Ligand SMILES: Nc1ncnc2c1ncn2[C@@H]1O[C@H](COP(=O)(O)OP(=O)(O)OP(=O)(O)O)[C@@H](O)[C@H]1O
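What follows is a single chain, given as structure tokens, in the form predicted on its own.
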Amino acid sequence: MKNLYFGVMSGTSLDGIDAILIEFKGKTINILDFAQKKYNPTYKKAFLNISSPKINDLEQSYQLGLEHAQITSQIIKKLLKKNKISKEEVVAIGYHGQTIRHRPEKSYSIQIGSGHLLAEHLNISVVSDFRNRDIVAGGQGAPLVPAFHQTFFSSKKHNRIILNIGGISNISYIRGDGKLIGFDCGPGNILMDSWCQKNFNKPFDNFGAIAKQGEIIDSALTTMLKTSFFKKHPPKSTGRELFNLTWAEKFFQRGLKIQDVQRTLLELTSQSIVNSIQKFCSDFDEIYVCGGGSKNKFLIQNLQEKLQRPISFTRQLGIPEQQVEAAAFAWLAKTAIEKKKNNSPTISGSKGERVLGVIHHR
């Protein structure tokens, strides 16, 4: 019998839903299919509104969660039909949902979506709410993927960095001796995308072309990098609660060239990543990038010049850049179903190993 799982991820960038269909064979992954569903502008705006600390509409957030699950259900049904797989063949779905609040300092993190509805519509077991058990055990509840990275991307010969540049950038540092470090670096695409949408009416800066036209505003960059989050030692995680456009705009005077702001925001992402690497994992041998930021050629070139090392991509390790996080949630579902500990206390700061994920049985 095939060991099939779906993994579903919606990242901080609010670009849409990623769904992957995986067959696990021991410590190898066979990717059977992958699909992306972009959020339409109205839906994206609704998520942005509900993510704002000024908005606290419980009914709206629950309704959006139900809609998120309905869209996810449609994606999975199409993948099942396309691959001629029956729902009985799928063990479970790892369902992240869409984060609208991440406040581990207040002992909670909220990902809206409905595991109940997804299980009801598909008659497949669903595993969701992966973060909160770790948080109530004293952890950050994030990042969740370093243990997955270590399982499938480690090397006994090399110290590897897996750099995920999503809305937030985060690092998994996998040493050849088995030691694992993981933490959020700071903003990934979140500020660049928001500025680009507001000023250029584009959801993102394709290949970094707009930023490439601008100049760094040194005074703003220097001040932003003094933000206390960047001075923290792991374990640490962050999100839109801190790094949002309202926060960023405070550092820029009126009348500046909008291309220069775009360039400075890219430099903030780049420099915060490099500072993190130099501070916590400077003896790395290899670096592999995943996430939407892997497509930003100017950002990758910038990182490469700063690090003076070649940058590779996770497709070279067997999983395409855009599919890594969805695959990780399929794996988290698998470990939860098997009742295996799947958090990383040394990374999140929790009191010990826990089984993360709430199971909604078929």
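One-based numbering along the sequence shown. Since the model is a prediction, treat every value here as computed from it, not as a measurement.
The discussion below concerns the form predicted together with this ligand, not included here.
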**Q.** Answer range among 136-144, 101-109, 67-75, 187-195 for contact with this ligand, defined in the predicted bound form as heavy atoms within 4.5 Å
**A.** 187-195
Q | Heavy atom within 4.5 Å of this ligand in the predicted bound form - residue from 127, 174, 165, 211 | A | 165
Q. Considering 37, 315, 295, 309, which brings a non-hydrogen atom within 4.5 Å of this ligand in the predicted bound form?
A. 295
Q.
With a cut-off of 4.5 Å between heavy atoms, is residue 291 one of the residues that contacts this ligand in the predicted bound form?
A. yes
Q | 4.5 Å heavy atom contact, residue 349 to this ligand in the predicted bound form | A | no
Q: Indicate whether residue 9 is a 4.5 Å heavy atom neighbour of this ligand in the predicted bound form.
A: yes
Q. Taking 4.5 angstroms as the cut-off for heavy atoms, does residue 206 touch this ligand in the predicted bound form?
A. yes
Q.
At 4.5 Å, heavy atom to heavy atom, what parts of 246-263 sit next to this ligand in the predicted bound form? List them in sequence order, or say none.
A. none
